[in-house]
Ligand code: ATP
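Presented below, as structure tokens, is a lone chain in the form predicted on its own.
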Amino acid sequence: MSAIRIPGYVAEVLRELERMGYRAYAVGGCVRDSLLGSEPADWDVCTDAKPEDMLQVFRKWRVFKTGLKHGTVTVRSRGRNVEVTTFRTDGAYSDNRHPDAVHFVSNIRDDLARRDFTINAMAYNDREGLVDVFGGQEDLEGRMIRCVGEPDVRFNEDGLRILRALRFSARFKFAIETETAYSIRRNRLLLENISAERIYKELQGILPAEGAGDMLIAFPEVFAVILPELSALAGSLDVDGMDRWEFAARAVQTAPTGDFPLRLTMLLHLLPSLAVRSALSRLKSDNATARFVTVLSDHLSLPLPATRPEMRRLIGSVSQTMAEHIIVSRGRLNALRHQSPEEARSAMRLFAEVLDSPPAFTARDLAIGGTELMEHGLAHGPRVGRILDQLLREVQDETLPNAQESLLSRAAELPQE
């Protein structure tokens, strides 16, 4: 395990609390990531100081009362935010998501005992070193995700922890301990109580991760709860005799890590268009991702362009960037099916060839526009758009030069009504 080096802005917060007679530690994900040799995105601090004590300790600092009733304040140190929380235990979770009440305690062990997984239940300061009472460091070394205490209790407290376990497993490529995995499957219906926004946020962490494909294959019944449209894939075979759920999971893995929209498309691409749109709507996907996924998934079931006019029309209808995504993604899917790469290679050569020729992908690329047509008395009203569409098709078919004189001459030949 790597050494833990607390940055100066966090160390100042710890020192100030200790100077006033309180115990304080860095805690949670920042400790985990430091031990793994990664740079933590943020640092959290826990302390035996009560909320009113923290406000007094940091009275000369900039402090935000971000969660005072739960014992949390945010302290501004050297231009950075540090979240500081009083040691606490949680009361009952009647909604399977949030504690009904919290109880402040003076013992760091009691605070660590309420946390989700052993790798997140460690604390550290330079004076005492690592505080690890649940075997978090051992599980880091063994590459294992394990609940703190009884898994059924942890998941019934907060159903979102089910997806958090999958996210950490996918991110770090850690195995999930046997009892924890059994409990995930037993309690998967708790995810029905979780908001779409939180589920979508967890998916944004799971799907881009290096181990996403393995998680999808290992827990199809869990993903079927949050994306019921996918349940039709599990146990069904496609025309090539491949398990459709496993194929979708492997397709996710072919896309680059970190690319959530592309990996979400690969997960959903075997579904009918209406099912894709239904899934995105229920997840309350952001508009940009929804547009990307629907356009790309719709085109992945269609033949790739085989001629220059077809390629120009594809680019004009979906954009240059999306056309490239379609070609590359089809190539990945073909490779996954052990099919010849020639279809995608030929389409990519055609794509490059079309981009090197004078563009006519949309009506805006024509050498004339509606104004010129009306100035020459060749069209008016809705007829303008219809004539431009016809001219565009002929230019894309390479039967008409994209030059003003040629376009005006051809427009004059077209019916005016």
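As the structure is a prediction and not an experimental result, all values here were calculated from the model. Counting begins at 1, following the sequence as shown.
Keep in mind that the form predicted together with the named molecule is missing from the display, and what follows is about it.
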Which one, His299, Arg313, His269, Arg167, lies within 4.5 Å of the named molecule in the predicted bound form by heavy atoms?
Arg167
Checking Gln339, Asn81, Asn120, Asn156 against the named molecule in the predicted bound form, the residue with a non-hydrogen atom inside 4.5 angstroms turns out to be Asn120
Arg146 within 4.5 Å of the named molecule in the predicted bound form, heavy atoms
no
State yes or no: in the predicted bound form, is some non-hydrogen atom of Gly29 no more than 4.5 angstroms from a non-hydrogen atom of the named molecule?
yes
Within 4.5 Å, heavy atoms only: does Asp53 come near the named molecule in the predicted bound form?
no
At 4.5 Å between heavy atoms, is Asp116 in contact with the named molecule in the predicted bound form?
yes
Contact segment among 176 to 184, 107 to 115, 253 to 261, 209 to 217, judged by heavy atoms lying within 4.5 Å of the named molecule in the predicted bound form:
107 to 115
